[in-house]
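This text opens with one protein chain seen in two forms, each one given by itself as structure tokens under the names structure 1 and structure 2.
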Structure 1
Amino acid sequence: MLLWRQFTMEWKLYLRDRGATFWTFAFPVIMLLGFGFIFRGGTGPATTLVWITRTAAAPSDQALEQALAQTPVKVLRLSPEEASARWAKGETAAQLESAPNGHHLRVNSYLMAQGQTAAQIVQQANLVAQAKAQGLNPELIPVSLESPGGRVAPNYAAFLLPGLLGLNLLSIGLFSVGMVNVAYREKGKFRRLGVTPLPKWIFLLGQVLQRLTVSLVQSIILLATGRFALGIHNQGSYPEFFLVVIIGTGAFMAMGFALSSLANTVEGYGAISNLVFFPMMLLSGVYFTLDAAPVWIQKAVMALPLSPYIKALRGIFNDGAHLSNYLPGLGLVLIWGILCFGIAVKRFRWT
């Protein structure tokens, strides 16, 4: 059958491009291993506090130090010269200076989020130290790191894995599928096909199916790496996880094809795809929640496909949730995919 021929030929040509093939599979694995080893401790990213040492240490310093040892902040003791050099380089997020009349905190406005977290922890530790000095024994509220589904992940990388996979597949769709097609069209590689009776949809579907299988292989490699190198387990069912991968990847590839029909040059495509990629990524809720945004933005974002896709991946993988909990979101992703594929077939040009 023609579609099968087209599909196998795509695979053959794909595998012959060894460099590209290698990086497609190696890149997400390297990312995962990198994050996995950085955050081996189990919690999320820690922040460093620079503490400027003085020659004569006051007793309150010792109490504060003891209190800080109970927190995730890493204390780095530096001399005033070392500290000001580090501050000047912009590497310090928060810096604590102790003078006889008390402490002073400086937070780097460029590293606001980390600096403020560190500062708050220091404030809290200081209150604890003061309370203890007055003979009190303050009690802290216990905190645990858990996924929304209630399972405890052994490693911060476990939270990253589904998101990493999801974003990686999105970028394959937008960049490797869409961009490559614009480049090929620009170079005239489709012209010869344009004078054959090959239907456009078979050509496009052949490519989608090939890239889909590529992304499945990629997911399997990533999951295997997570499992055997970092001990991250899929808490849900594998078939359901892969089904979500397929739906999402297919939709993002179709989106890549649809976008590629809007551009005539690779440069033009770069602009268009960034216009789509960055808002979708930033608004998807992958990096921060949108509780503070105006309601209409929150509503509009609900219609974007990335966030339900990542939610389903995370839910299944980290919480062992069932696919059935995510059906409306996945339906939305599917609708996006079908619409985009329709646009892609309709607007596809050989020249």
Structure 2
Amino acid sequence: MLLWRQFTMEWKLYLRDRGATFWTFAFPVIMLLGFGFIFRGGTGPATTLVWITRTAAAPSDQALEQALAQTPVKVLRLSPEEASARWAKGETAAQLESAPNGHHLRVNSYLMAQGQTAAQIVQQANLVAQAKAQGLNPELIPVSLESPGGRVAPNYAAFLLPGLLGLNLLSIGLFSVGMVNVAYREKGKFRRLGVTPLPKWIFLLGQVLQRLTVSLVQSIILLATGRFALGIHNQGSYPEFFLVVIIGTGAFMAMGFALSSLANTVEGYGAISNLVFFPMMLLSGVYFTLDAAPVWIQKAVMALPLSPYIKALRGIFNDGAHLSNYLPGLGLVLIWGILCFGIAVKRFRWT
């Protein structure tokens, strides 16, 4: 069968490229294991507060220290000289110093996320200490760490895995499909194929099926790694999860085909694809959420296909949600895929 021969040939060509094989299968696993083991105990690194130690402690120091002991902040006591050296190196996110009228808190503007978190906790602990000094006994509201679906999030890897999977499906579409087709055209391989009896649809469908199996194998490897190495597993339906994987693979491959029709050289395609890839990688919630970003940015990125796609993957994987809960977002992904496929078919050329 001609299609089967084309499919097997695509696999042989793919496996010959060790770099592509590594970035497709090994690199996502390394990223997942790396972040998974680093942040295994929670969703992020511990917040550290540098407290400058002085010979004459202020009366309020002991009360504040006791209040901070009940928080997740890690207090690091240093001398003024050590604290100054650490601050100069940019290693301190937040620094606390006793002052005659209380305390002074210093936040590193280069480490705003960590520094502001530490500052808020210190302010809260200071209010608790002041309340206790006045004979009150304030109680903090209990906090539980859960996903939107009510599941208890085991670690950051559970959040990261669907994001990595979505990002790698986008990479397959833009680089394993788009870049390869531009290279074929630039080197004259398309021109030679154009004069053979090989039908155009056989050639294109062979690529589609091969990349589809790559995405499925990659998904299985990531799921197995998360399950056996990090103790995380799919909370939802496996058929629905893999259906979403197939939808994303098709949409992102169509995007790769469409972008490849806009470039004549590999260098030109590299600029175009990176212009599309990096904004989606940074703004679509792969590694972190955008809840601290302006509202207009949060709404704007939802128009990009990767953001609603990762939200659907994460909802099924982490929350056990049903596919029907994410139909609007997946509908947007399908619209992107259909539009890109139409552009690819209209602009496809052998030369």
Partner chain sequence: MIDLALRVRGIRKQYPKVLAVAGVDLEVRRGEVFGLLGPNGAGKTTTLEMIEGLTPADAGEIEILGLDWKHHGREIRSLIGVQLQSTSLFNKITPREALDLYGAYYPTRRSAQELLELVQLTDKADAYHTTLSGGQQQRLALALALVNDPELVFLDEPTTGLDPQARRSLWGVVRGMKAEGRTVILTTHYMEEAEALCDRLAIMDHGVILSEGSPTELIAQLGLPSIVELTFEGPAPDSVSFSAHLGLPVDARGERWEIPTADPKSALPAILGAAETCAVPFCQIHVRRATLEDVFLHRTGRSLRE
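What you see is a predicted model, and the numbers here were worked out from it, not measured in a lab. For clarity, a rigid core is taken as the largest C-alpha set superposing within 1.5 Å between two forms. Numbers given to residues start at 1 and step along the sequence of structure 1.
Only structure 2 matches the form predicted alone. Once both forms are fitted on their core, the CA shift for S84 between structures 1 and 2 remains under 2 Å. Core-aligned CA deviation for Q95 between structures 1 and 2: less than 2 Å. Remark: with the core as the superposition reference, the CA shift of L105 between structures 1 and 2 stays below 2 Å. Taking the core as the reference frame, the CA atom of V195 shifts 3.1 angstrom between structures 1 and 2. In the core-aligned comparison between structures 1 and 2, the Cα atom of A300 sits 5.0 Å away from its counterpart.
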